[in-house]
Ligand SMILES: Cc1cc2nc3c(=O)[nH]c(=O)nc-3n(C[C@H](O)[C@H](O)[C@H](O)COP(=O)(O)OP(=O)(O)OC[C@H]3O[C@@H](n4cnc5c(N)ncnc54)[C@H](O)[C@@H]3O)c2cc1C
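Form predicted on its own, single chain, as structure tokens, below.
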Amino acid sequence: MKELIYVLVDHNGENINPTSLETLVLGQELAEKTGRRLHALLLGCNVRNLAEQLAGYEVDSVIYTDNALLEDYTFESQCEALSQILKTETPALLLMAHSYQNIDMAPRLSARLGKALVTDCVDFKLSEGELVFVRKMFRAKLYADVRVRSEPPWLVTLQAGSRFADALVKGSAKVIDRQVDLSSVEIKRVTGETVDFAKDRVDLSQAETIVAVGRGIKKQENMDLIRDLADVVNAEIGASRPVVDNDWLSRDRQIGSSGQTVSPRLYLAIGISGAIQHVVGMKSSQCIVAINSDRNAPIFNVATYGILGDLQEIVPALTKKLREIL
């Protein structure tokens, strides 16, 4: 049934992973462009309620599998469940978010099925009737077009921030309970303890507004200007690497190739030159406002709006005006 597209939806048992919703957006786009039918796929234990949430989007169906061995992630149970489903249905594609869990599982599933895996994609296009996937290379300095020649299903992971979950088309889909047999699964890797990495740390990937600061801030004392602005617009504070290296902000605030990847509605880049290592982590933001005193700063090439001037003059004035408006 090569006309099918499956999207694997990640969750924590209570909430759906936002990056999976972004992947579902890509699935909707692919279904529209290729005429294929789209199905959301949910693995877990007692996840009927999450399946019903997904049924509110425009998909042909939401297929969920309830099994005690799928309550906590293990690559053994996840691979076995997906193998059984994919061998039965044989869709054209299995899309999934490029998350830590899927990075661990997808290569194993690819090897088990003997099928192609294309990782960390940011887009797709149709060329002479062929589906081509686009992925970044060499720290996003180049884009590669990837054509797959092997038989389906193809496994594809999507980079976070490549789509906006807000773009999901609403709909009404049927929910299907699909059972798998995991009695033969031997769990070799046991999870001893689950630690919330984000506890007492900042998850900038979920922020809708970010005020980010770079080396142009010049001295730590000027961080107070940034904090005042962030408070007014209810934003999280991010940073380029030099600010973190100077210990002006903690490492979990770093954005870029060696930090977090973000895609907020509004990204205020203050005193950030726009080195490629930083830009790859924020260029998917919906609106980018750059404030910089260097008219040749590369950040202006990706900015929606640019403000040329001294941030020590502009930021307080902007904060004052926004405080009056908001």
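Note that the rigid core is defined as the largest set of C-alphas that superpose within 1.5 Å between two forms. Bear in mind that the values here come from a model prediction, so they are computed numbers and not experimental data. Numbering starts at 1 and runs along the sequence shown.
Below, we turn to the form predicted in complex with this ligand, even though it does not appear here.
- Message: At 4.5 Å between heavy atoms, only one of the stretches 151-159, 83-91, 234-242, 180-188 reaches this ligand in the model of the complex; which one is it?
- Response: It is 234-242 that comes within 4.5 Å of the partner.
- Query: According to a 4.5 angstroms non-hydrogen atom cut-off, is Ser110 in contact with this ligand in the model of the complex?
  - Reply: So Ser110 does not count as contacting this ligand.
- Item | Contact of Gly259 with this ligand in the model of the complex (heavy atom, 4.5 Å) | Yes, contact at 4.5 Å.
- Message: I'd like to check something about Ser99: if you look in the model of the complex, is any of its heavy atoms closer than or equal to 4.5 Å to a heavy atom of this ligand?
- Response: No, no contact at 4.5 Å.
- Message: With a cut-off of 4.5 Å between heavy atoms, is Leu50 one of the residues that contacts this ligand in the model of the complex?
- Response: Answer no; every heavy atom of Leu50 is more than 4.5 Å from this ligand in the model of the complex.
- Heavy atom within 4.5 Å of this ligand in the model of the complex: which of Gln286, Ser293, Thr34, Asn301 fits that? Just give me the one. In short, Ser293.
- Query: Of Leu70, Leu30, Ala55, Ala275, which one comes within 4.5 Å of this ligand in the model of the complex, counting heavy atoms only?
  - Reply: The option sitting close enough to the partner is Ala275.
- Message: For a quick check, can you give me the residues of 207-222 that have a heavy atom within 4.5 Å of this ligand in the model of the complex?
- Response: Stretch hits, in order: Gly214, Arg215, Gly216, Lys218.
- Query: Is Met105 among the residues whose Cα moves by 2 Å or more between the shown form and the other one after superposition of the rigid core?
  - Reply: Shift of 2 Å or more: no.
- Taking the rigid core as the frame, does Leu158 move its C-alpha by 2 Å or more between the shown form and the other one? No, because once the rigid core is superposed, the C-alpha of Leu158 moves less than 2 Å between the shown form and the other one.
- Message: Please determine whether the C-alpha atom of Gly27 is displaced by 2 Å or more between the shown form and the other one following superposition on the rigid core.
- Response: It does not reach a 2 Å shift.
- Query: Considering a change of 3 Å or more, are the Cα atoms of Asp145 and Thr261 closer or farther in the model of the complex than here?
  - Reply: Compared with this form, Asp145 and Thr261 lie farther apart in the model of the complex.
- Knowing the Cα distance between Ala165 and Tyr267 changes 3 Å or more in the model of the complex, does it shrink or grow relative to here? Farther apart, by at least 3 Å.
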